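Encoded as structure tokens, the following chain is the form predicted alone, with no partner shown.
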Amino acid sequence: MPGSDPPGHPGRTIVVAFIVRRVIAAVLMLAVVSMATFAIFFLIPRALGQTPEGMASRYVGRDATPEAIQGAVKRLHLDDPLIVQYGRFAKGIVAGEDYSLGPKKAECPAPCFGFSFNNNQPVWPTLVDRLPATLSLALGAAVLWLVTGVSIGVVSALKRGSVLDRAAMTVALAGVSLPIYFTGLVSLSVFAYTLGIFPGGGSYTPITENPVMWFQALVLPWITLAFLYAALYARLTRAGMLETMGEDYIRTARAKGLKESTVVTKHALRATLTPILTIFGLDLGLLLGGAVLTESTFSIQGVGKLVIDAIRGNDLPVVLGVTLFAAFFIVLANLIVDILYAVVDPRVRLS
């Protein structure tokens, strides 16, 4: 019949419709995020009595002269109505914008996340330049904490009450409790500056220049970041596995004579992974927007270090750009997680 699914693919239309719905929802969410970001940086300060001159001072640095501040008000149109400012803000993201620098004009091509008058350059190229370091840190640590945390959680659940279980949960509790800057500084002190096994902070090298030095410089940051998250994932996986292993369908699978490894991996672990995927997407999205503490501790010139330097230098356009950048990765991560839900749990496609 016309419009029916091809033979052997009865769920293709449902899957496509599911993905389309999630993509549309992600686009709408990005629009809402842009409005919320604009409100935080422009609407709320104006509502609290901030003058256009006061807002302009956050664009031109701490030591700007009154003439420079007045010039920033005119260049950025901060005295325009807020609805006009938001229209220009949204247009800049989609179509780019030109900024006046006295007799000259600076072009900010799309996506224009703002223009840093401290550095006299658009924010977007700076973000793109810092992104590889943050990607290297976040993706490497994510693989490490996901594999380690889930594996420890599964083993602890299967060996419930054993010495291994108690030891693993004790270490996990310590990992959740200790802040990253503490474990990072301790690992640098012991393994870099005392034993000399790994290079110290500030030694990050792009993978395109020297893959070996890139790996060596990221081992300690990966372990430090993964220690915190793996501990959390181990506890969550253990709790989920313990709950799932008591379900009726697990007993039925065992009664049918399935191997224990099949029962654990195909039935119990698969059901446990659904909430794990949710948290993993959020955690990875947040880190891709900048692992602030880890990058600051190990002096990695990534997005997180960039926003810290921008806050210290009163460079509002960079802070605004990083906020939008991080929000984009969080929305993108949630979109990917929603799609993966349909793979892990087919019931999601029908909801």
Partner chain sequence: MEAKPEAVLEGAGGKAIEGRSLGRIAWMRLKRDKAAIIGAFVVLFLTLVAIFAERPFGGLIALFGDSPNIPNNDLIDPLTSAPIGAWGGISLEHPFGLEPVNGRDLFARILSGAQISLLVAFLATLLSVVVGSLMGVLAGFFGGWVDTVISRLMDVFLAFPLLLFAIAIVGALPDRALGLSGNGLRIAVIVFIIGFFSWPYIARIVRGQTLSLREREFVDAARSLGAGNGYIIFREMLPNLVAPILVYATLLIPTNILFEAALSFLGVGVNEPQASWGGMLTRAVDYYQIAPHFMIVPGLAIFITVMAFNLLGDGLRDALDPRAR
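Residue numbers count along the first chain shown, from 1. Please read all numbers here as calculations on a predicted model, not as lab measurements.
Keep in mind that the form predicted in complex with the partner chain is missing from the display, and what follows is about it.
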item: Heavy atom of each of T37, L286 and V319 within 4.5 Å of the partner chain in the predicted complex; value: yes
item: Of E243, E260, D80, D129, the one that lies within 4.5 Å of the partner chain in the predicted complex (heavy atoms); value: E243
item: The partner chain: the contacting residue among T265, S162, S151, S177 in the predicted complex [heavy atom, 4.5 Å]; value: S177
item: Partner-proximal stretch of 207 to 215, 135 to 143, 84 to 92, 166 to 174 relative to the partner chain in the predicted complex, 4.5 angstroms, heavy atom; value: 166 to 174
item: Partner proximity in the predicted complex: A56 to the partner chain, non-hydrogen atom cutoff 4.5 Å; value: no
item: The partner chain contact at A110 in the predicted complex, heavy atom, 4.5 Å; value: no
item: Heavy atom of I197 within 4.5 Å of the partner chain in the predicted complex; value: no
item: In the predicted complex, V147 touching the partner chain (heavy atom, 4.5 Å); value: no
item: Neighbours of the partner chain in the predicted complex among 299 to 334 [non-hydrogen atom within 4.5 angstroms]; value: V307, I308, I311, R312, L316, V319, V322, T323, A326, A327, I330, V331
